[in-house]
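In the structure tokens that follow, a single protein chain appears in two forms: structure 1, then structure 2.
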Structure 1
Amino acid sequence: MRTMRLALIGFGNVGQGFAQILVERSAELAARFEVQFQIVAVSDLLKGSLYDPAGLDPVALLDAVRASGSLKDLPAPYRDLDALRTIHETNAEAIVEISYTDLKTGEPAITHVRAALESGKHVVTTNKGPVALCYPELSALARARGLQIGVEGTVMSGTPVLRMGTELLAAAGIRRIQGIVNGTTNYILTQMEAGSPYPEALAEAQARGYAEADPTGDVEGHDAAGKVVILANLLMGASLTLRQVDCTGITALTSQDIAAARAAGERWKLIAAVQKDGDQVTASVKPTRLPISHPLASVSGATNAITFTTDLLGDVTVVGPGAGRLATGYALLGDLLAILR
């Protein structure tokens, strides 16, 4: 049996979802993959930091956060290590970087990922900042050190579109990518169409763990723009920056707009698109009215979908969860298993 020691940088929704998966699936992971994932450290700005070289009890971590929102009352041989000390000084073999996403600077996540690779540790992350802003540098650093960086959860959470695009469709000639890549806005649009006012729908998306810590990035389209940059750069060899994405969110859409579309047999969706023409790659995020018969029009709630238009296969569509604690936690597990393979 192989044990893989992990340090979690951040213990919000995604970290808790990941810990829950490890608790619920440990027997299956052991039986099927002969691996035991052991959380040795957790460092969270608000909840506190714990380190036990022999492993922390994930059930106790989850119970503590559920009961008090804090890890401060749990016993551990070492505590209060900040993120960088946790990365450098613990015996973790892989760092799970799940601190909050900042798409303007990418920090502090970029520093965490760099530090992990520099100290010889693999990284898995669902954090869009480092991947949308400086993936070429980070993946080159990983390669140079013989390490891996797993980023599957940055787009469509645990639904494996990045692996599909970078590995399985790599030779098919991806010309266009079009889809719904933000769960929060799709959930809000679905709820508004069912009659909920915008603030209620947003609050519900937050309560369900879909929204970013600051949901402005979701509703203004920046989260989707970050994902579009990741898709363009990882799957189409582009070097787009966020500023090059023509981006409009859903905040200007009113209940009247939604009712008008409905009366016309259409539905508003926040559509993200990347198009390759020769060497030119262009990207956009825009609310778009789709006929009800359009395949993306029936994708509802926090579900996401991406259609790859390829030279050799035509259209390939993947539909699946795009947000949520377990769905995003699953991406981390998939990346860790890929590292072990």
Structure 2
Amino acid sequence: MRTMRLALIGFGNVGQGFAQILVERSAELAARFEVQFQIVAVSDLLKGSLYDPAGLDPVALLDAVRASGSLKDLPAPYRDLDALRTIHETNAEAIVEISYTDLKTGEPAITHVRAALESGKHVVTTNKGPVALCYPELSALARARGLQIGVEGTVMSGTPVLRMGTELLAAAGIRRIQGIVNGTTNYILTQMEAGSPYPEALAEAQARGYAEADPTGDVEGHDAAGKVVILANLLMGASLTLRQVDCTGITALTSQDIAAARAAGERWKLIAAVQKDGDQVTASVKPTRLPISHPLASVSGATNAITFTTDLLGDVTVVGPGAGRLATGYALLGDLLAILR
């Protein structure tokens, strides 16, 4: 039985979802993959920091957060290590980087990922910042150290679109990628088509937890732009930056626009797109009218989807969750299993 020791940088919804998966699936993982994932450290800016070289009980971690929102009352040999000390000083073999990160700067996640690789530790992350802003540098550092970076959860949560593109469709000749990669805006557009005006649809998205109190990153297209850069750079070999994405959000769409599309047999979607023409790769995020027959037009609510247009297979569409604590936690698990393989 192989044991893989993990340090979690961040213990919010994604970290708790990952811990829940380990609690519920540990026996199955051991039987099927002959592996035991052992959390040895957690460092969270708000909830506290714990380190036990012999392992922390994920049930106790989850119970503590549910009871008090904090890890500070749990016993552990070592406490109060900040993120960088947790990365450098613990016996973890892999760092699970799931802290809050500013997409404009990629920090603090870029610093965390770089520190982990320099310490000789694999990294899995669901943070878009490091991948959208400096993946070539980080992947080169990983290769030089004989390490791996898992980033599946940065685009469509646990739905494996990056692995599909880099592995299963790598030889099919991907020419175009179109996707609904932001569940908040897709939910809002679905509600507007059902008759809700934009302010009402946004308020409902916020009430359901799909949209933040400040929804700018979603509704102006910035979140989708970060994801489209990742798709372009990882799947098409580009070196795009966020500034090179032609980005327009959904805030200018009106009920009249929605009605006009419906009358024409079409539907508005916020489409993130990457196009490859020869050696040139371009990317955009913008509201787009799709014919009802298009596979992305039928994707409603907070669900995400991507259509790959390839030379050998034509169009291949993948539909699945683009958010959620268990779905994103599963992305981390899939990346860790890939590292072990």
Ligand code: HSE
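Just so we're clear, the structure is a prediction, and the values are computed from it rather than from any experiment. Throughout, residue numbering runs from 1 along the sequence of structure 1. Heads up, when I say rigid core I mean the largest set of C-alphas that superpose within 1.5 Å between the two forms.
Chemist: Would you check which of the pair is the form predicted together with L-homoserine (HSE)?
Modeler: Answer 1, the form predicted together with L-homoserine (HSE).
Chemist: Quick one: once the rigid core is lined up, does residue 313 have its C-alpha move by 2 Å or more between structure 1 and structure 2?
Modeler: Residue 313 C-alpha, core-superposed: shift of less than 2 Å.
Chemist: If you line up the core, does residue 121 shift 2 angstroms or more at its C-alpha between structure 1 and structure 2?
Modeler: After core superposition, the C-alpha of residue 121 moves less than 2 Å between structure 1 and structure 2.
Chemist: For residue 200, is the C-alpha shift between structure 1 and structure 2 2 Å or more after core superposition?
Modeler: Yes, its C-alpha moves 2 Å or more.
Chemist: Please give the CA displacement of residue 288 between structure 1 and structure 2, in Å, after core superposition.
Modeler: Value for residue 288 between structure 1 and structure 2: 2.3 Å of C-alpha shift.
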